[in-house]
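What follows is one chain in structure tokens, specifically the form predicted on its own.
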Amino acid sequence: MNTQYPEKNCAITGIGQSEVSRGATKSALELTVDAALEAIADAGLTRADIDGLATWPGSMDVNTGFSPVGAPGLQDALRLKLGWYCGGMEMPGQYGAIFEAIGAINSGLCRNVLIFRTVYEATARKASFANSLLHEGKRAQGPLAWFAPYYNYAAAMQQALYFNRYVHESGITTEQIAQISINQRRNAALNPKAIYRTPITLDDYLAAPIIATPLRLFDCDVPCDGSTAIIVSRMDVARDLPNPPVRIEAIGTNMHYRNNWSQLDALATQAQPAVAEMMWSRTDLKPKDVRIALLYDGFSFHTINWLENFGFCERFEAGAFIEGGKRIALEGELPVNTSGGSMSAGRLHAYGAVHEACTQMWGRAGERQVAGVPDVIATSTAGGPLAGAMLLVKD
């Protein structure tokens, strides 16, 4: 057992994903059960083998559909007998549930952890005006209190402020920014589960409405209904299961920065640099070894930031790196967000990226399969003050 870096003792052994849509025909819990059962079966396990359960951020009793299902709900639905479970908001972004599972496995509390993330935002937004961070009759609290006096209620408006700073410092052009959206829609066209599969051109991108300068419509992710589940197993267990283990080679989880949406230390880079630095410090692999980059894309800004912060290019040189789109295409030197990402496939948060990483490593990606079956994939989650990173390798 690796006692220095415990993540190396853990691997992803199975994945599952429900139907993904902009208007579900099933309840949020039904979608979660579908994803969970698929992941368990994919790992070659039964419900009796699952002794750990984790999710982020846990059940939230709000009308936004952001997190309608928590660990107790799924445990009851599947009648799981658990040695350990976890669900909570204050973690390193969406990957917090995975990081917690690594700790639990290495502590001997469990061997096979079912991890899930469920969203029901598309249905919720049809039922109510839930796309604003501030609702009528409610007083602004926490970080939002700093934005509300300026009528800055939406995440796009907040991130646009940071993105403006990045544009100013880097000199990136609109045409270069567009390559993230164009590339991901091209990839989504090859993904049967993607929400938006019609390719877009540069002219389409430029003609789209500006949401908050410099963010255009195609720079924003797509709220959807769906659930993603993965099984993380102890390494000795993983090697006896059907799928080649996708080993968690290194993680980045630190908080060497101000975790505050309105008081960021570095507006143009956000919380990512320290997290990426931690991840690379826990492995002998280097950015040049990465075959695919599945980078958080709540907005195109986040993907651009991660390209630099992971070290795939120098600071403020992402514009040149993605110019023309060839370098980040499926057949390029560093394919980016091969499923279409949150901006085209749907906002399943970072768990969609983990699902895609395993899909690619196990050679199941069909028309969007990267040649050579990639064996090293970098993934990341979140922007703003929340960040997490993982390097996944085929065992």
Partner chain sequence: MSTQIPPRALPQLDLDNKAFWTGGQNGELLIHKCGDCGYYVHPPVNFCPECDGRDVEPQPVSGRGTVETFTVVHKQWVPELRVPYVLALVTIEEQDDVRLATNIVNCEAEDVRFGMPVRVLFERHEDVWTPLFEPDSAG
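Positions refer to the first chain, counted from 1. Treat the numbers as computed from the prediction; the structure is a model and nothing was measured.
There is another form of the same protein, the form predicted together with the partner chain; it is not shown, and what comes next is about it.
- The partner chain in the predicted complex comes within 4.5 Å of no heavy atom belonging to Arg79.
- Although the partner is absent here, Ser262 lies within 4.5 Å of the partner chain in the predicted complex, judged by heavy atoms.
- The partner chain is not drawn, but in the predicted complex it has no heavy atom within 4.5 Å of Val290.
- In the predicted complex, the partner chain sits within 4.5 Å of a heavy atom of Asn152.
- Only one of Cys313, Ala208, Ile211, Leu109 comes within 4.5 Å of the partner chain in the predicted complex through a heavy atom, and that residue is Ile211.
- Among Arg258, Arg239, Lys126, Lys286, the residue placing a heavy atom within 4.5 Å of the partner chain in the predicted complex is Arg258.
- Picking from 318 to 326, 161 to 169, 83 to 91, 302 to 310 the stretch near the partner chain in the predicted complex, with a 4.5 Å limit on heavy atoms, gives 161 to 169.
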